[in-house]
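Encoded as structure tokens, the following chain is the form predicted on its own, with no partner shown.
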Amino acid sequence: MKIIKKTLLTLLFPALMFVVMLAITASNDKCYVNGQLIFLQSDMPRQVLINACMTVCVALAIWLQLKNGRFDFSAGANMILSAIVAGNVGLQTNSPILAMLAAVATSVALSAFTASMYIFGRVPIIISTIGATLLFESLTYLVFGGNGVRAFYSTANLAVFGRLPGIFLPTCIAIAAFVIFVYFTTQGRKGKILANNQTAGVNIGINEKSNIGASYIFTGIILGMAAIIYVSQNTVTPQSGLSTSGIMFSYIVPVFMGMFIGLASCDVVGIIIAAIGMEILNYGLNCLNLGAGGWQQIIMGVFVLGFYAFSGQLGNIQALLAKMKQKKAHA
């Protein structure tokens, strides 16, 4: 019964999101084409899954560092630069597998560089990752003539990892890398101690430097998977002015929502479920022609604030309901 209860609680968010968006789109005349509701078209599950896979990969990379008490601003720049390298390698070799390997190799190398700035430079993590972001963005204008990648995603035999069912391979690898590090490695378990109390962790003998290095290696693997999916779905252009941080922040909502949803199961499941729920919301907004621009940001912002207001007051709400139930029993 506990397993069934936890499963139902975990699936509650995407189910509610589907019902809400179905009701909203069904009441709007703009969401009908030839008398059929766009939201219920057969393309909906496919599009939600494709978008959710990308979101899961980036969200896991962000959460792996947050889980260990660090926020990495360079994740977006890492992903974009790795995507450019992977895309050009794929175009030159006509091999999506070599493109994926290039994405992972580049991302791991960039992540190791970011970690070394913090470990050996003794620079605060925020300064280290912002500096790494600026460096990686400048490199996007230097590698491969500064042309980015334009034809990779439109080449069917190369873009297999951005479409079903090929997209499941990098997504599963990213999930596996996260689970292995967090739940099955000593460094993953030590990272929890350092995140809760860094001084105490170091005092009991935990080597913070090796922990940081290991966590960034696994983060690089996950970001490499995100990069191959990204280049398989988009034209990738050089970036500047910390614009890659905006790309990263666009995927951060499922991280915090997944933390709450994951209370009923575990954080990785929470992030996956949160990503699916958010993509259902995005699909509904697209049906309403609100999927881009200021309105989408406003709606997403209001939704996230409402979600956190509810989750923050959940304990008080439960206490109030219990009190009302007790009064009713006495009556």
Partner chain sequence: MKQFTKSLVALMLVFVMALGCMSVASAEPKHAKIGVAFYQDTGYAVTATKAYLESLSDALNVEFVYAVLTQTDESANLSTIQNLISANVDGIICTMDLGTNSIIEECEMAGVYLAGYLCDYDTSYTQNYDRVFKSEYFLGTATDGQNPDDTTIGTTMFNSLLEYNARAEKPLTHVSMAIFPVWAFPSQMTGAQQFVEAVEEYNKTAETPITVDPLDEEVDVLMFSPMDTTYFAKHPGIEGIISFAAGTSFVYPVMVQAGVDKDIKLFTTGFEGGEENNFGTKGTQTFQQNMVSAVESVTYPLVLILNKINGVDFPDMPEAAERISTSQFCINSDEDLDVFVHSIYYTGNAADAMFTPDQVLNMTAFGNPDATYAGLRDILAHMTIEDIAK
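Bear in mind that the values here come from a model prediction, so they are computed numbers and not experimental data. Residue numbers count along the first chain shown, from 1.
What comes next is about the form predicted in complex with the partner chain, which does not appear here.
Here the chain stands alone, but in the predicted bound form its contact with the partner chain, taken as any heavy atom within 4.5 Å, falls in 153 to 161 among 153 to 161, 73 to 81, 93 to 101, 169 to 177. By the criterion of a heavy atom within 4.5 Å, V269 is excluded from the residues contacting the partner chain in the predicted bound form. Residue contact with the partner chain in the predicted bound form: G146 places a heavy atom within 4.5 Å of it. Looking at I50, you'd find a heavy atom of it within 4.5 angstroms of the partner chain in the predicted bound form.
Contact between F249 and the partner chain in the predicted bound form is not found at the 4.5 Å heavy atom cutoff.
Interface residues of 22 to 57, taken as those with a heavy atom within 4.5 Å of the partner chain in the predicted bound form (partner not displayed): K30, V33, N34, I38, Q41, D43, R46, Q47, I50, N51, in sequence order.
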